[in-house]
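Below: one protein chain in two forms, given as structure tokens, structure 1 then structure 2.
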Structure 1
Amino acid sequence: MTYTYKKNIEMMMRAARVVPNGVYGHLGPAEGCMIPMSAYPFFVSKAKGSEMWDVDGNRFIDYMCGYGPNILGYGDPEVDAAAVAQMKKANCTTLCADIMVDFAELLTDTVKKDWAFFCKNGGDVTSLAVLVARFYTGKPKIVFVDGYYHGVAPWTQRPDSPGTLEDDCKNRFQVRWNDVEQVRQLFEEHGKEIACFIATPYMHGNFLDNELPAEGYWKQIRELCTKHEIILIIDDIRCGFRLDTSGSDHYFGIEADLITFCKALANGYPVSALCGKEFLKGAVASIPYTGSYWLQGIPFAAGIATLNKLKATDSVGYMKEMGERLGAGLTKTAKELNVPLHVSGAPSMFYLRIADPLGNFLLHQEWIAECVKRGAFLTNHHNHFTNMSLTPELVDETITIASEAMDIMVKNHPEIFR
């Protein structure tokens, strides 16, 4: 039996009348890589642990984890209890809730940085990081790595993006991932113009296999940034706490000047953080940067509970183990069916791709669609996530679903799989 989505479609038709595209942004059906749309639900009714149920009552094992925030499990009782307790005391108040100090102390101790500045979204803190770098250095240019994503602010966009001005994008250089010599040459020629080098800990972009740093890559980038007085920013929005509870810079053996966190920071409660070294503390304090809800107490309480729970267990090891278990099962089926499946990236943030011999993504999208219609929620061209509530039993159920889906895909294409 495969799922149907009658109520989802009815609700989408209602939503489209009052909400642009019905569901917008990265959760929009097309932009969210939910292709074909007929395979996917649009609206969730409840979620718990690693599972969610749509408005038609279909149950899914969820490997998107809210696009990353769900690191402990939906509705984690300890995190929710901490949030409720803080709600009864104070949340959005004239003065800052005192719990902010507790959260900042815990976070800076956890990620080995000297200070923390709290916002709401990942883009809030990546933008602040660039502002700090430019203000401190007095230099305008940003160095990006090809395939980057650091949010939706104008400085992160390409000049042909709707509503973006050419001037928004002019102070930029782009380099290839893992190409230290290109960075070295760029810094030698333009170092006096460059404020910062910003990158994710490894390349976990869309529509391509994810790629870890080459041996010594980050050590050399760190040395080049120090030599040319360029601020090194690690965008840990997506990877944060999944590779190393101390931050992904420490996982790869370096120390960033600035590092950004969001998604998994409070298990779904809205908070982000920019953390940095002491020498940049005065710069960030000098920048007028704030938001109406940035100092809410509830997310701080949830963040404390989340970090404490992650630190009290081998969270990184467990999520890695679940990812390896899933990857091994999928790879075994693919080998048996002679399907060119690529599994890349860190196991806790795995990326899947069927290398279509016709040179397009249609086979991959067909396989993923069959998985979703049977209860394994994956998307086509984005990395996936494991979390602390994922069990071996759920992983094995996923392997069974995905294997059945792959077998169906193979049988649908005898012209390819002979």
Structure 2
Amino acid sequence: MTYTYKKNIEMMMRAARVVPNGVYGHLGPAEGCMIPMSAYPFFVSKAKGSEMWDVDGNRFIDYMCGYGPNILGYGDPEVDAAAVAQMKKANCTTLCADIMVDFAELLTDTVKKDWAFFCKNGGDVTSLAVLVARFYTGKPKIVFVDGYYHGVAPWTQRPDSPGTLEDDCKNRFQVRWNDVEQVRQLFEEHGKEIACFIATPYMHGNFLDNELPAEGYWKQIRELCTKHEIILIIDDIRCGFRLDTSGSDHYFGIEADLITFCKALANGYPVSALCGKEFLKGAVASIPYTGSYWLQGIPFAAGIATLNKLKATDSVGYMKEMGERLGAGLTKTAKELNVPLHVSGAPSMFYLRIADPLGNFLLHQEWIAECVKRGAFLTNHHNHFTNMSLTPELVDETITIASEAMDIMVKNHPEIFR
């Protein structure tokens, strides 16, 4: 028996009348690559731990975790209690809530940086990081890595993106991931123009197998940035606190000049942070940058509770263990069914892909759709996430669902899987 989505569809029809795209952005059917649409729900009515229920009452074990924010479990009682307590004290007020200082002290101590600047979304802080780098160095250009994603601001886009101007994209270079020599050559030729090198800790782009850094990659990039007075920005918005509670730069044995956090920082409460080294504190202080809700008290309280809970146990180790358990189970099934399943990336942020001769993802999309229709919420384009509320029992249930789904996909294609 597979799920049906009558109320979801009705809700989407209502939404489409009054909201662009019905649901816009990465949670929507288009950018969220819900393929085919008929396999997916669109609206959640409640969520707890690692599970969510859609408006039709269908239950899902959720491996997207809100695309990352859910790191302790939906509705974590300690985080929610801290948020409620702060709500009763002060939230969006004329003066900054005092709890910001507590959060900044805890965060800078946790990620071993000298200061923290809070905003709301990932794009707020990646944009700020670039402003800081340009202001401090007096240089204009940004170095991106192929397959990058640092938000949706014009400086991150190509000129073909609607609303972006060619001028927005002029000050940039792009290099291959894991190619130190290309970076070395670029820096030697253009180092005097380059303000910053911005990259995620490893390549976790969409529609491609995720790739960890080669041995010594980050150490060499760090040295090159220092030599050419280029600011090294680690975009830790997606990986942050899932590889290392001290930040992913430390996980890979280096120290970034600037590092950005968002998603998992407060277990779903809206706050992002740019953290940096002392020598950049004056630069960031000089930049006019603010927002109506950036100093809200509630997310700071949630962030404190989240970080304290993550640090109280081997959270990173546990999320890795759950990812490895799932990856092993899926790989075993795939091997039995002779399906070329690739599992890549960090186990706590695993990426799945069924290889096919044309590279068109159709088999993979079919398998994922069968999983979703049976209650395992996976995606076909993006890395997944584990979280602290995931249990071995839920993982095993997921393996059972995904194995059944894979078997169905295989039986649908006798021409391929003989």
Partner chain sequence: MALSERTQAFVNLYAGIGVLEKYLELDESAKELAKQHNVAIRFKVKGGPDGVVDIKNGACKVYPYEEGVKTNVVLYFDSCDKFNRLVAGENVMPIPTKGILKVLTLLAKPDQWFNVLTGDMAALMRKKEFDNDDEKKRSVTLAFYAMTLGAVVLGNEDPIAQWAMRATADGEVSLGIKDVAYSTIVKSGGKNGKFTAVLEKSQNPRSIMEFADIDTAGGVINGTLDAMTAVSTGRLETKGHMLMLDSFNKIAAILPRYLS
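This structure is a prediction, so every number in the text was calculated from the model and none was measured. Structure 1 provides the reference sequence; residues are numbered from 1 along it. Take the two forms, superpose them, and find the largest set of C-alpha atoms that agree within 1.5 Å; that set is the rigid core.
Checklist entry - Between the first and the second structure, which is the form predicted together with its partner chain? => result The chain shown second - structure 2 - is the form that fits the description.
Next on the checklist: Superposing on the rigid core, I want to see if residue 37 changes position between the two structures - specifically a Cα shift of 2 Å or more.
Outcome noted: The answer is no, as the C-alpha of residue 37 shifts between the two structures by less than 2 Å after core alignment.
Checklist entry - If you line up the core, does residue 358 shift 2 angstroms or more at its C-alpha between the two structures? => result Yes, residue 358 moves 2 Å or more.
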